[in-house]
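Next up: just one chain, as structure tokens, the form predicted alone.
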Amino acid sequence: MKQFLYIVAFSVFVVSLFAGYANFGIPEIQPAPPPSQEAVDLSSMDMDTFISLGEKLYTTKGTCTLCHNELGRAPMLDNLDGLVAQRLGDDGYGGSAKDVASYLIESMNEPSIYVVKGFGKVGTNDQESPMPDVRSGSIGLSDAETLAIVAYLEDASGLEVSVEIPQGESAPVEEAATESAGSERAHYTTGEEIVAVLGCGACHKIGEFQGELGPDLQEIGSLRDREHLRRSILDPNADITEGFVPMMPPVYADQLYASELELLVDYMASLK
């Protein structure tokens, strides 16, 4: 009995030692805060600044680069002058655009009006686009933000920018958080909140969101265990669902606290 008590006491000591080291001996690593929205006064902008705003929106809030990239998930958006002229002259085009700017706006707001051959939603014979209306859902671009992206795309294609900067408006734009190193942000408290803030619904069906570019996650908890879900968030290219291409950015390990990651895993595991 005495030997048993020694073993128990020694085990408690070792566990306490490791717990103490884990809590106080290992430096805490603060993740980079996710982007936050900041109002931008458009009336004070010149065109170069407006184009820069469009580039930032294109790569952040708009999530455009998730699909419009060299992986071929969606058409590339360079050399727009020749491409748009070709598409407007296509017999299958049924929209009302007359130039590059109006075509881009139409494509973002009503993407199924014209679907480039080979890029339609599976089973629709290129009659329906998998791209969401950028005005709705987790993307939610304003008219001013859409125009900024158009200005950026025209400029990137070497075209003269044809849109004007809206006057008397302000636009929210995602900025990198400016907190100093080691400062803390508020913690997210639910998995649903994390899904909304990170824009998961832009690509996935999950909760109230109806994205169609990535795998359907509405019942993912009955299909994958917690370990798989956690790995898919931290290393999204480790296991690609059949029929999809690598497109999810591997950034969430740096943007989420460990407790938030577990909240997200808990929420996804509950979807059955």
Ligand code: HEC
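The first residue of the shown sequence is 1; numbering continues from there. If you're wondering where the values come from, they're calculated on a predicted model, not measured in any experiment. By rigid core we mean the largest C-alpha set that fits within 1.5 Å across both forms.
Below, we refer to the form predicted together with the named molecule, which is not included among the displayed structures.
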item	value
Contact test, all of Y58, A202 and T241, partner the named molecule in the predicted complex, heavy atom 4.5 Å	yes
Answer option from S102, S129, S157, S142, heavy atom within 4.5 Å of the named molecule in the predicted complex	S129
Of V161, L198, A97, I165, the one that lies within 4.5 Å of the named molecule in the predicted complex (heavy atoms)	L198
Partner contact for F119 in the predicted complex: the named molecule, 4.5 angstroms, heavy atom	yes
In the predicted complex, G207 touching the named molecule (heavy atom, 4.5 Å)	no
Contact test in the predicted complex: L53 vs the named molecule, heavy atoms, 4.5 Å	no
Residue contact check: I149 to the named molecule in the predicted complex, 4.5 Å heavy atom	yes
The named molecule in the predicted complex - contacting residues of 207-231, heavy atom within 4.5 Å	L213, G214, P215, L217, I220, R224, H228, L229
Residue shift check between this form and the one not shown, rigid core fit, R230 Cα at least 2 Å	yes
D46 C-alpha relocation of at least 2 Å between this form and the one not shown, rigid core basis	no
Rigid core superposed: I220 CA moves 2 Å or more between this form and the one not shown	no
Pairwise C-alpha change, K61 versus M247, in the predicted complex against this form - closer or farther, 3 angstroms or more	farther
